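Just one chain follows, in the form predicted on its own, and it is written as structure tokens.
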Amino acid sequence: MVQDAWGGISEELRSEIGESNHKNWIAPLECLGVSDGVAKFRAPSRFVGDWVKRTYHDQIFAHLRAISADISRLEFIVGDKPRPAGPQAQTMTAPANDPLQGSPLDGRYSFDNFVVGKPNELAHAAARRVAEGGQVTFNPLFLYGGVGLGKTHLMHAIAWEVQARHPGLQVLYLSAEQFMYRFVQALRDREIMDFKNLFRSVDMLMVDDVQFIAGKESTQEEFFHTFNALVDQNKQIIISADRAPGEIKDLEARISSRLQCGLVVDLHPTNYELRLGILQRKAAQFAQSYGSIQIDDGVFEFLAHKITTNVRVLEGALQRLFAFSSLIGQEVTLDMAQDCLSDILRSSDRRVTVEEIQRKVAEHFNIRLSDMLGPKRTRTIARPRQIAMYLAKDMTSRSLPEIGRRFGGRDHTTILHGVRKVEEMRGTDSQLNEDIELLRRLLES
């Protein structure tokens, strides 16, 4: 019978998807048997049933078909187990250690696998401090930065570390999109009190990509009250986003203010040294899967120089080289890397134009492009203009006279003055630094 075999199948799934994913999604399922070719399972909630159906359906189905070819599909039933009838009936309660259903954690994203460098050292140190547990020193911890800079990696690493150090704590990690999905589902099913009780009973709440809830009034309202309830209980909150709280458009002012009450940390774009370290660490990991592969001197340095915008692209490029080398049985040379990664290298070679910089800066500071290029010298126009000049000098290969021509025919000495003024202010103006780094990320993405 399938019910008898389910225990063994569950253990096989544990080895395939990892301990945490198994605990959150497979262990809560109860196999009810097979009827007319339909294998039925009871899930503790609709959310769990929907998630398992979307994420693990094919794996479960393959295991069941190996036992019985008569099984044609899976069905997930939501609801409590039936209580025994008669005078011996007892009230059934859920075990105290029932897992909270959030997003699965990725086993690759641990502190041991996180490469630390100057652009991310503060974020790493803050994440480590939070993961140690104990007294809450800053709440929330807000991590922000561009795509592929390590926000999600640090969030998962915190969750793994807390579970290892304090297995009794309830840690809930999910994306802002899932928070909204569960909130809407609770409203639809008239289970809003269950939703509130779940989210306000955790010891640590971790919400990834919080910018997703911007502009969604009802979700923001519930998030705000959940946030306040947890802070009042001195429970730790960790949030991530692609930009600083004050930069998230359509995020309510009260939420933005709350998010800035703790520690706000920027993960800066990677530098050459950090990218080189990531390549060396990843090469050691890939060698465990592909075996020992000879990589010529200069390949890592070449990749670290050429692929600068996204760590995920950098790691993907290295994995492609390992796979290609393994398949054709050749060492990785510089020529082979250039041929194998030609599409990635062409994309990374995309040059930002002065015109793109002007448009993005004007949009960021909410001024007219015509005013930036025109003669106005008011502070609200002059400062963005100087920032655009600075970025044009830093991010393009254009000469100062060429940049001047694109700024309404200004002399090259005017451009040089603007660049030097911004360089001088960056030493004392943290808001200016944040604006420039955000604009740089937007232009490079």
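Since this is a predicted model, take the numbers as computed values, not measurements. Position 1 is the first residue in the sequence shown; the rest follow in order.
Separately, the form predicted together with a small molecule exists; it is not shown, and the next lines address it.
Taking non-hydrogen atoms only, residue 140 never approaches the small molecule to within 4.5 angstroms in the predicted bound form. Within 4.5 Å of some heavy atom of the small molecule in the predicted bound form lies at least one heavy atom of residue 147. Heavy atoms of residue 151 reach within 4.5 Å of the small molecule in the predicted bound form, making it an interface residue. Looking at residue 113, you'd find a heavy atom of it within 4.5 angstroms of the small molecule in the predicted bound form.
Judged against the small molecule in the predicted bound form with a 4.5 angstroms heavy atom cut-off, the residues 109, 120 and 282 are in contact without exception. Residue heavy atoms within 4.5 Å of the small molecule in the predicted bound form occur in exactly one stretch of 357-365, 312-320, 252-260, 127-135, and that stretch is 312-320. Only one of 205, 332, 278, 186 comes within 4.5 Å of the small molecule in the predicted bound form through a heavy atom, and that residue is 278.
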